[in-house]
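This document opens with one chain alone, in structure tokens, the form predicted alone.
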């Protein structure tokens, strides 16, 4: 069964020269359905999150070791309207109180995105409210702005999740240029697949982190693709294959493979995690040096990994740049980060009702 639950607290209020009572602030409804989380949030104009509701699909996808698009789409159809209703109820918001309807339209799974967009279009049409199309990846970076309670731009943005591993030059909340991305698998996807190889639970990120806590990160010398390459690219497919060979042996070779004892699983998990972290941290360091920016904002599900956060903090202190990582409840997919829609609202950047979804990553 899907679970509907509130996630997170109100974000720090945006600074303003005039104090405005919360009752007079405009509110918008944000909808998120880009992958396997049905989410809705009500956010006021000072970025206070009045309600954030997420219905998780983890139990539906667990036996497959990853997200099944058709199952995800059907689950959104069942869950999204109750989630929206709960967000409005919890925030004490009537539909007529809304200033706009925001929805993630890119990137993501096409069927999942369409469910959210269809719901948002229907609300915008019936209520005669502006429709705002949100980029899901940009929203992950904006989660850092919400957590900081102040302007964080310009910055280098890093989004690391199940479907994306991307670096950005962010001159403003909506002025964002892609610097580089993965050429194959995303880091989060690699975590899920490696967890499956090691017999760990889904989702793979938390499972590998727990197993790695008891392992030696130097036990296995896994590859670190693009580590010393000046291009700001990532690749995790070869690393995933290297783990497979460590677990199952190299095809065509008769060399015996050690059994997957709990100790070996811990060593493999720790070594894999360290390889991923090494690459993510080094590429972020390179992006800071290449752009000349002195602040890094990090979001996405993998950003909740404690080892990654520790290593990033160490690098930031050594290299002299400011680091802002989204809090864990804003790392995984949620609608609260749809607060970026207020930036678009104030710029008058509204979407027409014939707007469509864009499943793939927009590169320009």
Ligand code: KG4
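Residue numbers count along the first chain shown, from 1. In this text the structure is predicted, and so the values were computed from the model without any measurement.
Absent from the display: the form predicted together with the ligand. The rest refers to it.
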query: Stretch from 259-267, 159-167, 82-90, 281-289 whose residues place a heavy atom within 4.5 Å of the ligand in the predicted bound form; finding: 159-167
query: Contact test in the predicted bound form: residue 192 vs the ligand, heavy atoms, 4.5 Å; finding: yes
query: Contact of residue 302 with the ligand in the predicted bound form (heavy atom, 4.5 Å); finding: yes
query: Contact of residue 331 with the ligand in the predicted bound form (heavy atom, 4.5 Å); finding: yes
query: Residue contact check: residue 215 to the ligand in the predicted bound form, 4.5 Å heavy atom; finding: no
query: Complete contact of 37, 188 and 205 with the ligand in the predicted bound form (any heavy atom, 4.5 Å); finding: yes
